[in-house]
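So this first bit is one chain, no partners, the form predicted alone, shown in structure tokens.
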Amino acid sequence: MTAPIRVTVWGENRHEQLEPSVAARYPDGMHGAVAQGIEHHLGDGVRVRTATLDDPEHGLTEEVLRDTDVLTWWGHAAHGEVSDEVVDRVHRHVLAGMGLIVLHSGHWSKIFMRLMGTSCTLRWRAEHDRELVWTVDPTHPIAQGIPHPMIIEEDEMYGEFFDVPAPDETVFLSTFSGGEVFRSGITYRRGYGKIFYFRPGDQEYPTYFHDGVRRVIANAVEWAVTVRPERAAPTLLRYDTDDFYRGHGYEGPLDPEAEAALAEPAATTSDEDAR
């Protein structure tokens, strides 16, 4: 029997606390709606937990991340409140093989910007636009079971230019009532980790109850799992000629004698020597 995929759904949970309309729209929080959608589509194939910004260590402790195959991330109003220490921790786990699904305004999260190395800026408009999500790659696992196009009656508009590196794969492209287009479903690999960015999901709309959106996220959870015997980041090793299996740890660019000399305090010059 294959073990369930261990999913952690992370949500900032600020709009739900501070804006009554969002709380009414998402009574269990946006993270709750995302988690329910994953469970609905994947059933016993997943084990889902949720975490929020206000949890100790944002709910993303070393123990939680070690027990997470795929992390989903939604943030918007409080990107700056996310601890750099936690971002470092998540970044390390992604490079070591944890999957990451970044949702909507998470394009400006610290973790996504760090993994992309760009500004991740775009154009936007919040005017109840109709969104058509077109499948660019019908053979991709994330696109399975998704209508072409998938219609989202109301959502925020995102448009190009989207300042991200060229994706490994473009799965979906969205168009809007103003004629804008946007690469709305794109994948990357960083280290051993798989990353999927998915655009739909502003807090002003019930997007995470849309069955197609939920199916995309569930498909992405299955896709983002990295199958490796252990979670470890790529490392630099030296291999002797004809020894393909036993790499040596890297000890630095200098030989031991030079390293020791570098560590010695510099000799001081006395006034007498100077004269």
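Start at 1 and count along the sequence shown; that's the residue number. Take the two forms, superpose them, and find the largest set of C-alpha atoms that agree within 1.5 Å; that set is the rigid core. Computed from a predicted structure; not experimentally measured.
Here the subject shifts to the form predicted in complex with another copy of the chain, a form of this protein not shown in this document.
In short, of 220 to 228, 44 to 52, 63 to 71, 25 to 33 it is 220 to 228 that has heavy atoms within 4.5 Å of another copy of the chain in the predicted complex. In the predicted complex, residue 154 stays away from another copy of the chain, with no heavy atom inside 4.5 Å. In the predicted complex, another copy of the chain sits within 4.5 Å of a heavy atom belonging to residue 239. Contact check for residue 84: no non-hydrogen atom falls within 4.5 Å of another copy of the chain in the predicted complex. Another copy of the chain in the predicted complex is approached by residue 234, whose closest heavy atom lies within 4.5 angstroms of it. Residues are counted as partner-facing when one of their heavy atoms sits within 4.5 Å of another copy of the chain in the predicted complex; in 58 to 75 not one qualifies.
The Cα shift for residue 44 between the shown form and the other one, taken after rigid core superposition, is smaller than 2 angstroms.
Taking the rigid core as fixed, one finds a CA shift for residue 242 of 2 Å or more between the shown form and the other one.
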